[in-house]
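Look below for two forms of one protein chain, each set out as structure tokens: first structure 1, then structure 2.
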Structure 1
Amino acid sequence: MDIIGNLDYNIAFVVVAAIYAVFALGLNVHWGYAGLFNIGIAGFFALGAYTSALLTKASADPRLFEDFKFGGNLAASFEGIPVVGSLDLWFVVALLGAAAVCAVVALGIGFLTLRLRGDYLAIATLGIAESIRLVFLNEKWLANGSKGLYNIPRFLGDVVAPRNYDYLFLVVVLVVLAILYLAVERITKSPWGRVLRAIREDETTAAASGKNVFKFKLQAFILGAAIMGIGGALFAYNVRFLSPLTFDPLLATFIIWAMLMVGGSGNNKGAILGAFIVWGVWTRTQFLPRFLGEPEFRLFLIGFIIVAVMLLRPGGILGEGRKVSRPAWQQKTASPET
């Protein structure tokens, strides 16, 4: 039983860490490549999660919740979702829908703020994140308010037994993460990605070179937000319960920034590595004795790791790995020994 229990715990750990790695990839597009200071990750987190849940589940009736409290059944799952063979198409539609909604919201925020200084974007994203949380908290007709959404359907739930669902979802999350990683790698290493890095380093020089700085920043902001929306959808189908309290800034914004800072901004491998390291520290330390397992000490430990990484490796554990080439005249005159 101990072996099985440890295996289940480790699978659950990898699933959540991989979901956070998706968020770290999205933030890396924003900050690591385009230099966009987004501190409203929780807003895109919530939008992606709620959008995917509402696309695949009927909006909860508060009366159903009352029935549930007294032993009733809250399962109000959306009926008639298209299935082709053994593949539930609703899952793919939900991921794409979450990405699309986050992209549209990012378009509105970015269009209004990206022409201003970077701190205005930070204020706007923080404000919209809190606004989104308050909408879902107060508009009970939309997602049952503070009582939340229950019984979010499982992917291939009719095919896979509940006890094996975590194994299936582990594969699903890792496949989605791999696809997003390869896509972001290809995009950021393209000429488009090189323009983003040039804008991050010096907007004035990039504009003088004929680049439309606003257009590139808006595209990067939309792309990163769409990736975060997919992360939110994966989170919803993992926990299968959503509440406005779920999107606390600590675990929906701060910890994702910590992951990127520790792993290395501007490096997609670093973003993923940082997600696993920070989530490992956050979850494993809860088993420490006495006060060492308290949330305050765990926050202190993560802060300590961030400071240590910033002092020892300012670019993160992996960092961007910028290549500095010698001038042409040095390359021609350098001796074979050097």
Structure 2
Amino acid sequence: MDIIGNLDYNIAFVVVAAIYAVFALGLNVHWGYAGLFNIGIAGFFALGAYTSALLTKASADPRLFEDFKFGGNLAASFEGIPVVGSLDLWFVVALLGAAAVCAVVALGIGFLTLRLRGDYLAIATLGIAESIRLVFLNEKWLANGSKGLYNIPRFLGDVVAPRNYDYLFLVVVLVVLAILYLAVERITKSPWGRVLRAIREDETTAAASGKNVFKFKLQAFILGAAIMGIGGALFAYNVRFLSPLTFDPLLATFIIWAMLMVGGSGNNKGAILGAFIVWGVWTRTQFLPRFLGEPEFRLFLIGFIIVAVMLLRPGGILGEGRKVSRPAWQQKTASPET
């Protein structure tokens, strides 16, 4: 057995699963904590990926791409400024840029729909995802249309040999995931997160307690969308090729929902665990015999998993668990007899 080949396969697996875990964390902020039903993850996914690519990719060769005018030449025009030692800060800029663009779009959509009934958001996110896909498909000057963008530069690509690059990128992705996990964990344990859960459980009571429900929902929607944008940027740096066809609803929206539902919505560890489990099932089932390995059957499986989890184990594997605010916890541990 080819151990090295197997190891490479597993590394690539973990990289993709960790990127999906970033999306699952973002979706957990939306659905798990704030109860916001976003079925347009693919929109933020594409927006984050294209933003990061356009920020860092060198401009296109005009002889090859007659239609493609906008090269996103920013990296080239500021060459020399953002490289500290061997650390290419443009990667960081790309990640933050992707997050910022997604946050702005989320602000617009949220502002329009979050005052209305909860399911209007679902329809609006579906619409915005489709619109974003159509823009990237049709506006050839912006993103080269269906031919897509390729040769997205590698972050720290000159530090290691190309064949070992996955190891380096694995570390990068895991560091980003860890930072996001700790940040989301910290934020959702704060009083702000507590208000979100209160709104999710009972909007009227939260409003009656003097909380501005709309403002909190909008903040949560923007935060989750920004995290999804970072996920999109990581995805772009991993595959280094983007086309509008990459962002089909199955692999860019539905599978992420299945991940969160399986792992346990309302639990950040669950979101990450679910990403690894579902991506594992997804990649391994392609080796199943006969029709079980067909993509059609696996599409059915994703839908089936979502419904089955909702019916049989609404909390997912880990479930939300009890959340106690830190002051209350300290009080409890300090005086156990009360």
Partner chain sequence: MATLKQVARWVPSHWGAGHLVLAGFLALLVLAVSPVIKLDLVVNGLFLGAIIGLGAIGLSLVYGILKFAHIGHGDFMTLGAYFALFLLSDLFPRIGLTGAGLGPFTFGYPLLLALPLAMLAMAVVAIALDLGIYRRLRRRGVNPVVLAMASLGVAIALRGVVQIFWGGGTEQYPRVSKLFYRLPMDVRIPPDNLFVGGLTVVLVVALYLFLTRSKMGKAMRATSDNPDLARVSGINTEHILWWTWAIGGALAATAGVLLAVSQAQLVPIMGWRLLIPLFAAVILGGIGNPFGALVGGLIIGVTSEISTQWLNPSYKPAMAFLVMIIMLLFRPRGLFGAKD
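Residue numbering: structure 1 sequence, from 1. Each form is matched to the other, and the largest set of C-alpha atoms that superpose within 1.5 Å is called the rigid core. Keep in mind the model is a prediction, meaning the values are calculated, not measured.
In this comparison, the chain shown as structure 1 is the form predicted alone.
In this overlay on the rigid core, residue 299 has a C-alpha that sits 2 Å or more away from its partner position between the two structures.
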